[in-house]
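Here are two versions of the same chain, shown separately as structure tokens and labelled structure 1 and structure 2.
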Structure 1
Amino acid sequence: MSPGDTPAQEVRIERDGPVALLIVDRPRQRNALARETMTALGAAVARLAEMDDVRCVVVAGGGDCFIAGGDLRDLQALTTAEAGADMARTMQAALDALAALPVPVIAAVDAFAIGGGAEVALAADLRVLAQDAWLAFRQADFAVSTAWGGSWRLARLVGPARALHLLGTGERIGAAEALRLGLADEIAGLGERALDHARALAHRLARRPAHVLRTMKRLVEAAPLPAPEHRALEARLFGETWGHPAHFQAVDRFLERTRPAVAEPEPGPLAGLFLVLEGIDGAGTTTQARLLKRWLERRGEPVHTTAEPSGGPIGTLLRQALGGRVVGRDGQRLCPESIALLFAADRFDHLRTEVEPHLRAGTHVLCDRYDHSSLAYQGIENDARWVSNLNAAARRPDLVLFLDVDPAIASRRRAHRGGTPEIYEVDALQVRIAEAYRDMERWRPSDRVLRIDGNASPRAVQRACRAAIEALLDRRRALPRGSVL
């Protein structure tokens, strides 16, 4: 990342690939905006407007908080009504320009956004709050009104009556209440910074085609138009996106993924099904694998359960490394590249010596974690493309059951389970891993993956898993002897 060159470095732009971070960095003043900072902010937004390769912008404060409004010590120099109005117009122009950026803008609110800081947050398209963060419109405490467009934006979001109540009382609005009111769009996970969560969200958005993101924002901003005018605009813009090459490429990819596989007969017994359970730590994959084994055996289906890391020699070494019992030469945990290579090595040894012999014998193999976990876990520490290529030749599962669970719920489950946590069992890291899991289609588009709500009860999750496997077994029975799905 390279810092911008805005005046006094109080406002800077950092690049994170297609995402730009706009950071107000005055931590000693809790990022309160002085007059020079306001000018720098406007200049930085103007620079962002010229960056055609930016697909999403995240606004954040330096240090541990968002923005604590205006810097009252500096602003005391404004002693007349006209001077105050000029300052208001400067910030209105800066925030209007921020809101007018053609790409999504996300405010990452850590700790608090007070007074003018809350007005800055409202100028963004989306707001992410840390779990302990809060907003407050404290202007009335200093006998002034809002100045930077905050009252208009607040009334549009929560309605005039609620806006007047919040402006008049100046009460704190916690993250949960902000989400309920529509002042927050997402809340970061337990122990996770809003900035980290907002960056992950920005990258999710940035994976969409740039012209589509810009079109979506334009349509949303045009919502106040009369319905006939908006529909005319929507039809015209839709036609532009429909005729774009990216649309036809996306359709081709979808049709290729959904094209029925051609059953190729081969000698020998009907091969077993390769079934995989995936999810973050605490998602319940191990519990569900045990329950599925019992269910399949009661149905008379031959089944073998296994897990990764495997019980083989490389898997044993890997488990020791994950538990911190094997370290590098410097006494620290093995480097991320080594961990990724060990997982890949264990995977191919696991396939050749355990998984594939059972499948060839007609036994179903139920595996707790497979290469999707490498992409999710090792992919956040390494180049995900490199991790994907390491595992590209690995046998593809017949079905992946992805137990998608809220990281906060998974954290409580891990705490209840007890034991010594492994190197990846860190709440903030698990939030990033959960996001990476939800992006698996990017790396394994042809895999048959079923997302299951892992927040539900174990019984409900089990019913969903059984229904998916039952459908696969029905398809398998309809195939000729010796066929594969």
Structure 2
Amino acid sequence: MSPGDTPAQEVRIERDGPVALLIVDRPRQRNALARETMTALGAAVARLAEMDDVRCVVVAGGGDCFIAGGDLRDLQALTTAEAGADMARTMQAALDALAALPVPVIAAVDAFAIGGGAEVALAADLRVLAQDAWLAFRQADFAVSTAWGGSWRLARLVGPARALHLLGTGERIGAAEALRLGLADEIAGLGERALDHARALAHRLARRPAHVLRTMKRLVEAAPLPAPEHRALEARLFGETWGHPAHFQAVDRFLERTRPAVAEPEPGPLAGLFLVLEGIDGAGTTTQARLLKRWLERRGEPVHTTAEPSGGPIGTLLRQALGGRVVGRDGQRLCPESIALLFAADRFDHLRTEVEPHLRAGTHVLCDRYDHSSLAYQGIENDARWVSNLNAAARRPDLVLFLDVDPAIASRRRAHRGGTPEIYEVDALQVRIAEAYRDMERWRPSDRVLRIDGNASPRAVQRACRAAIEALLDRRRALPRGSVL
């Protein structure tokens, strides 16, 4: 450990949108695991298991290699058979928990994974190797067996005979050989880091609906079950995915795409980014939109800010209805169905007349609320599936920044702001709307949504928003003109 390092810092979780990186960072020891690192690894995996918004995990070593096994200098302190067995059990529990995460786990192997390091790599669902990386089960060189579940995992992957061969010889397994044996699933490009390649793969997987990825992992893991039991499980889990709104939306999109095309539009300039801010009343979306506009302009990015309800005729009518100035013929507030329909109508008018022309011209559009608001607000007083379908054909944003704020804090902010409360600005309703927001993925599983802790200071929220937009801008720069991200 270098001076000032704590074991907790030696195992880090970094977030990259829906992807979490789990990094064992002891580069001076080539990321070999000391006893405290093992405990920290177990704790980090437990934290990952709590992160509901993670869709894929990448495990990597700090610096430029994967993990060189156990830290032999530190492990010298274990002088008895029992102490060795205890250490084995600690790591087995940490790696079993890693393997049991409900989302795919990818090991990014740069340079090498030796001994216990190779066992860590095997605990992942998938392995990406750099072109010059290798694995070696060097345990026998130190006169010990595997300890962290490695022999079991190796035998499952390559069969018992090949496993015994690799464990007995301790020979280096290069990337091409690892691919041939099924120990590697993808090899990074020439000169490309396995970590970068694995991150890209993780993002590819993370674009899938989370519940589908989790189901796939469960089914693959259940493969050792006898066929009749597995069929029963598959039929049940398949049924859940079939009945999910995401399935019907995906089929609708497919049927829409296979309709005969009218005419290919001329490629224009690079399309602008469609960025949406969402959250309950008092979440701070309007403040953040204003700050983001200034920031983008300072960077020379053309940007147009807008909001829903829009400033168009239907939006204006809606604002009057929300303020209680337009009522139904019975003198009561408009019925929930009419409000949901008006929001959807306003949205399509807004898209056609304001949002899409700007995007086509290459201007970014920053929109304060979009159809996630309809799902959260109108979804709680109507059939949410009906509301979802009403808005299903609305253009999808490139990024949704969801400011997740405690309803009690938002309530205080609204009180501080003053003014006459609108129809939804009632504390009990806002608590339900906040819950509905957290269920957003159910209705829009393919949207790129970044949940930001809206209880933090405006500056901290702004930093998180900027980092996400920055990443999109970088990706967009790499695209040819006429592309839509």
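Please note that residue numbering is based on structure 1, beginning with 1 at the start of its sequence. Rigid core (definition): largest C-alpha set, two forms, superposition within 1.5 Å. Computed from a predicted structure; not experimentally measured.
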Legend entry - Pair member which, unlike the other, is the form predicted on its own: 1
Legend entry - Rigid-core frame, C-alpha of F348, shift of 2 angstroms or more between structures 1 and 2: yes
Inset, instruction - Examine M440 after superposing the rigid core and state whether its CA is displaced by 2 Å or more between structures 1 and 2. - result: yes
Legend entry - Core fit, then T37 C-alpha moves 2 Å or more between structures 1 and 2: no
Inset, instruction - Report, to one decimal in Å, how far the Cα of S411 moves between structures 1 and 2 once the rigid core is superposed. - result: 57.2
